[in-house]
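The form predicted on its own is given below as one chain in structure tokens.
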């Protein structure tokens, strides 16, 4: 495997990035940590002739408890005890990302926007050409769910579910200025699976904002994967909330790794506010979430198994919250 030639651009401000994005429209990728993009480039997956490196943009770096720059390194978040104390689901999710070496380069924004994964996409050019290319790269059809309209590759980030249950908002900048939107609204659930977010052409993810109200709120993140030391999630379940005297004061639940997009299940959890969180109610919630997800056969584990594990992991995560064992 090798990297084909490309032109590297190193802007130093968000405004410069936005201008470059306009000038290079359709011909560039943003380069953050590069832990997923560069291996894909070596596989000749959706190459672009230009890369816009974000390392020198000071506004994108660093973090506080209220604001996390999109270029904040995962290892920096992992080693910050204040982050661990304030946001247990986020701290747990960060620790679950790949390996220490990957976390030293990987970024918060990169994990939120990481490429979806599929047996028929994440392969060498030789492997893909022998079968016939897919919708996601060079082809015109999906090999998982045979048709020509939608890609079913699976969302492969860990941080989105954890940040969703913490009521995160994302700040984006583009040619029309800046805007903020709730993290769930970043993902285009009605899209074709290739255009996965609602970012407009030329927009850049600048930062993630977390409200003070969720600090130190209990929660956790549980991850299913084949190799615990490294793999992308086959399933990720995050919960956060408060259970007082056995009754739900607040509850948020989000799932990643089972569909092309991470999802938060507000309608199901809002219905539990004020209710006693009995075993029967936890089981019912788990079964409802299981019915809502639609994994397909494009990862290592079979879709029926992954779907059944959704209810298992939801029960485990909510039980930790109820019993006070969540971080």
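What you see is a predicted model; the values in this text were computed from it and never measured. Numbering follows the first chain given and starts at 1.
Below, we refer to the form predicted in complex with a small molecule, which is not included among the displayed structures.
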- Are any of the heavy atoms in residue 257 no more than 4.5 Å from a heavy atom of the small molecule in the predicted complex? no
- Message: With the partner left out here, check for me: in the predicted complex, does some heavy atom of residue 107 sit within 4.5 Å of the small molecule?
- Response: yes
- Item | in the predicted complex, residue 295 touching the small molecule (heavy atom, 4.5 Å) | no
- 4.5 Å heavy atom contact, residue 174 and the small molecule in the predicted complex: no
- From 196, 92, 252, 217: within 4.5 Å of the small molecule in the predicted complex by heavy atoms is 196
- Task: Work out which of 43, 286, 31, 277 lies within 4.5 Å of the small molecule in the predicted complex, going by heavy atoms.
- Result: 31
- Full three-residue contact with the small molecule in the predicted complex, heavy atom 4.5 Å, for 96, 157 and 204: yes
- Of 235 to 243, 77 to 85, 98 to 106, 174 to 182, which is the one stretch near the small molecule in the predicted complex, taking non-hydrogen atoms within 4.5 angstroms as near? 98 to 106
